[in-house]
Ligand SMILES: Nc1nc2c(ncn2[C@@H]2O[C@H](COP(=O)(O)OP(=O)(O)O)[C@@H](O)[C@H]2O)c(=O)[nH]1
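Shown below, as structure tokens, is a lone chain in the form predicted on its own; questions about how it binds or moves come after it.
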Amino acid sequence: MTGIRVALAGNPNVGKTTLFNALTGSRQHVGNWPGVTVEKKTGRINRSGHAIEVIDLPGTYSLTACSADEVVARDYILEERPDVVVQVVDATNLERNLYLTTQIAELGVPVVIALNMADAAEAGGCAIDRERLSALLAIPVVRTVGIRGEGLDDLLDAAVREAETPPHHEHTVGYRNDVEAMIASLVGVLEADKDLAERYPLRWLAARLLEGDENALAKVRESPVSPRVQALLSTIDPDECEAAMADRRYDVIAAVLPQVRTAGARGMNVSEMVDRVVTDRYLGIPIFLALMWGTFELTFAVAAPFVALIEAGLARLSAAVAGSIGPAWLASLVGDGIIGGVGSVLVFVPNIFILFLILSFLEDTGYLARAAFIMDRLMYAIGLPGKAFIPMLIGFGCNVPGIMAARTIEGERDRLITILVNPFISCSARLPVYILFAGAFFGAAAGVVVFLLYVLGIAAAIGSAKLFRHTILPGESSPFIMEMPPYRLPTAGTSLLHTWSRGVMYVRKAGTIILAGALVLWCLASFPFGVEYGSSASLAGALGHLLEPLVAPLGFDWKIAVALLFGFVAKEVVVGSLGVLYGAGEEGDALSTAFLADPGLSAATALALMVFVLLYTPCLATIATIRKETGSWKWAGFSVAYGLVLAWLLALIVGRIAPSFIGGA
């Protein structure tokens, strides 16, 4: 069985990831590109005697790379030379997508076009002659509807045929005479460097040099022909060349489109009608907030029976352990340490999966792209581009990929501010803390409390961004330009796959990081020998009493101090730590019951604690990501210190004023 590497390329929001999921199903691996914190997705398929590896490249509008994800997409095609590149093209926006086609074709790699969202184009009265388009571009064109799995077999067959049909030549755009003459001169100089000639298509490299592409200039800078190249480039204006070449590409596209596309008369489509409402300048933000509120209400309501089942199961397991395992220390380790610690977190798995399912649905419908557009005006008012809201949206799942997503922001200061405020966006790791305390102290109003915490996180991020823009990182924000995908009805399979991949990460963390934290804390709570488990005389108690003066003004005792310290590893560990310290391994609702029985805890204290967990020091993984993305421990340290101070101050304020509204000391 021969191996074929297929790279999926395309503009953002063309359905590339949906097509990737449809092709590879559960046979996926997610990691990072070597040396770069940009997500890398790969999957495998066996077809027609070939083991096909599919690589989902980051979305890019152009191969003139400006951001890290664009550099990754271009360099993979250039350096790794995949057997075939499948460009996913949005059939409803052919002109914009074909610009990337003209650039990929110049690289001389085998290319197949997946004409995706073809059903939406046809429903809008647009007919595309695929055979004519294929003939004009000299590239196979396959009709696909990724969300329904249509055309996948034809696409794979076309990719295999292209990979097995050498040689392939560059499909070039003819530029105006002076540009062509300069390209020819540069190619003549570059040919003297055999290494460059072997690694890159020289015409493509010459064209990028004329455009002033920094990445292309870096490739030539160490070459022995660099002085001669620089001498030629000094005679031209790169901005003028880039504009002239872009104009010529659009001229070619404009000549092709009338020959392949027939647009029928149509009225306003469903997407446009819905957008009239959900992106309205007055209704947009209230609708977004209402959807978020509904999300958390559904998360609590739907998850409740599943949570009860898990609690009952853990209670039976804990009782069985207590009655069948000896000696006593081992029973305590399993019951109090493992079941009490990890079980306290696993009980919230239904809530996590349901939240991810709802967010996946909103993402797959195309609404979350509108949320970024809706927030653009507000983001610009605080000195950030609307594009910065996309990393914040991603941060609702996990701050680590949210911070990574900031790499798509071109402005260095915009990117840095976005990174620094992202930890205030409430990730899923904090949700177990909210569910636990809100459920115990606020009953039917728990969903509203959690919703308000998420709003507070957004407000803290926005307020901090405004502060940073006017103090440590002044400057103007860059403009925000994005294309909104049409609304789609997600398939159950796609939404469930997204939910599963994200939810499994949470479960894995419970089985690794949280388990390790629970075991360490059990040791601290059990030693020295002879002390009461989890008492103030234990090592955990000594550590807690050492930290207690720092959090006592907030109404927190030593047990909470220890849990917050361990929450530095991962926020879910806060719940696991409390489960260990309160001995919550004997019955499903033991932890909530223990909280209500603790005279030092009240609804106001619980609310202050949730605010503190929302805002204080990011987890270790987030801090490491900030360090890697900013290239400086200074900014990582600043994030830790600023978050702690802000969390302490707001928790103090909430703890003082909350009794006036909700009662309690």
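A residue's number is simply how far along the shown sequence it sits, counting from 1. It should be emphasised that the depicted structure is a prediction, and the values quoted were computed from it without experimental measurement.
Absent from the display: the form predicted together with the ligand. The rest refers to it.
S.K.: Answer for Arg488 alone: is it within 4.5 Å of the ligand in the predicted bound form, judged on heavy atom distances?
M.R.: So Arg488 counts as contacting the ligand.
S.K.: Indicate whether the ligand has at least one heavy atom within 4.5 Å of a heavy atom of Val145 in the predicted bound form.
M.R.: Residue-level check for Val145: yes, a contact with the ligand.
S.K.: Evaluate Ser426 for contact with the ligand in the predicted bound form, applying a 4.5 angstroms cut-off between non-hydrogen atoms, and reply yes or no.
M.R.: Result no; Ser426 lies far from the ligand in the predicted bound form.
S.K.: Against the ligand in the predicted bound form, would Thr18 count as a contact residue? Criterion: heavy atoms within 4.5 Å.
M.R.: Within the cut-off, so yes.
S.K.: Heavy atoms within 4.5 Å of the ligand in the predicted bound form: which stretch in 118 to 126, 552 to 560, 311 to 319, 70 to 78 meets that?
M.R.: Every other range fails; the passing one is 118 to 126.
S.K.: So which of Thr494, Asn351, Ser526, Gln103 gets a non-hydrogen atom within 4.5 Å of the ligand in the predicted bound form?
M.R.: Exactly one residue meets the criterion: Thr494.
S.K.: Taking heavy atoms and a 4.5 Å limit, what residues of 124 to 138 are near the ligand in the predicted bound form?
M.R.: Heavy-atom contacts to the ligand in the predicted bound form: nothing from 124 to 138.
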